[in-house]
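Below you'll find only one chain, the form predicted alone, shown as structure tokens.
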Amino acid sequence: MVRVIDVPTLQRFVAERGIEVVLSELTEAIEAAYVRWDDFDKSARHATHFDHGVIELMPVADATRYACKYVNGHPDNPKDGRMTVAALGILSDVASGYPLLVTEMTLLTALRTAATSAMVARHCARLDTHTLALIGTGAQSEFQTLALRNERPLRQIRFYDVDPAAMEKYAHNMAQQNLELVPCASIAEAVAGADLVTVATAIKDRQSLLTPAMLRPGMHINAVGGDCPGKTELDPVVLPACDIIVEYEPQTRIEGEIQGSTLPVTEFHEIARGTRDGRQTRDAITLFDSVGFALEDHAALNWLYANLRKATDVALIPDPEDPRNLFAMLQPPMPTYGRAANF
């Protein structure tokens, strides 16, 4: 039997456990996976690009479990009432090759993306970080806010989006979070005075949302929205001024802010394993060039499989009496001797 987790099941699980607890536990699970970096068979995701979007497969495995996510990215989907990103995940037993878990992964990806940002901020953002600037208040914004607040004592959130309705949505969702919410009229206004900046937009284009004039000493930047070739969010001139952290360099060179760049970077596993400090100096500007890596999905799927047991077991894999006789499962029962077969 295969455990199947649908959207309502995950919704109930998060509500019962608490979203802040879920984000905290995912942060720990993902960092633990990065500590085991050498245990994984890794590759850049397989992407099929279209004029209007992309569909991707993201596989990774260790000696025990294989994980793969199916995910899309279609920036124009909201015009038709659909989400920009939707995903399904599968977790399998390496020894047998049998799937253990099939799950919705749109909500889970939103949670693990924010948890990953929080994980890096844990090592890179200054301890006295109190102000977060959000550039883009779409689907990821609330998750980022709550996950980052788990790691730093955030008090003020300065936010901006080109869509006023998205800003209203964010303000409504965060109204009960005991945070000072400051809607801003521009990116420059939002970033002014911020210790921590998250940029997460959906436009599939090369943008220059964050410019050198907006940088300040000691700032940490999460660049979350750039995740495919030709899609960036930062002015390229910003990059040389930053200490750049990535998930998996071969993938980020294709999809991230550093696509087409030869600038030196640090893979996060070096920081997780203690071979390098996340913040080199108090005034350093750190940039997490986040594109989303399959290792994070592997950690999230294993965490979910271990913790959510109130799910439906479904017979997605045949279980023939004789495993060499699959054909028999599609045949009618053999007639009893002396009786006419009833077809």
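Because the structure is predicted, anything quoted here is derived from the model rather than measured. Residue positions are given as counts along the sequence shown, with the first one as 1.
One more form of this protein should be noted, the form predicted together with a small molecule, which is absent from this view; the next part is about it.
Undergrad: Could you tell me if residue 268 has a non-hydrogen atom within 4.5 Å of the small molecule in the predicted bound form?
TA: Judged by the heavy-atom cut-off of 4.5 Å, residue 268 is well away from the small molecule in the predicted bound form.
Undergrad: Would you check, heavy atoms only and a 4.5 Å threshold, whether residue 236 touches the small molecule in the predicted bound form?
TA: The answer is no: residue 236 has no heavy atom within 4.5 Å of the small molecule.
Undergrad: Taking the shortest heavy atom distance, is residue 291 within 4.5 Å of the small molecule in the predicted bound form?
TA: Flag for residue 291 set to yes.
Undergrad: Can residue 200 be called a contact residue for the small molecule in the predicted bound form at 4.5 Å between heavy atoms?
TA: Result yes; residue 200 sits at the interface with the small molecule in the predicted bound form.
Undergrad: Using a 4.5 Å heavy atom cut-off, indicate which stretch of 146-154, 175-183, 84-92, 260-268 touches the small molecule in the predicted bound form.
TA: Stretch 84-92 is the one.
Undergrad: Report the residue, out of 254, 214, 139, 101, that has at least one non-hydrogen atom within 4.5 angstroms of the small molecule in the predicted bound form.
TA: When the small molecule is considered in the predicted bound form, the option within 4.5 Å is 139.
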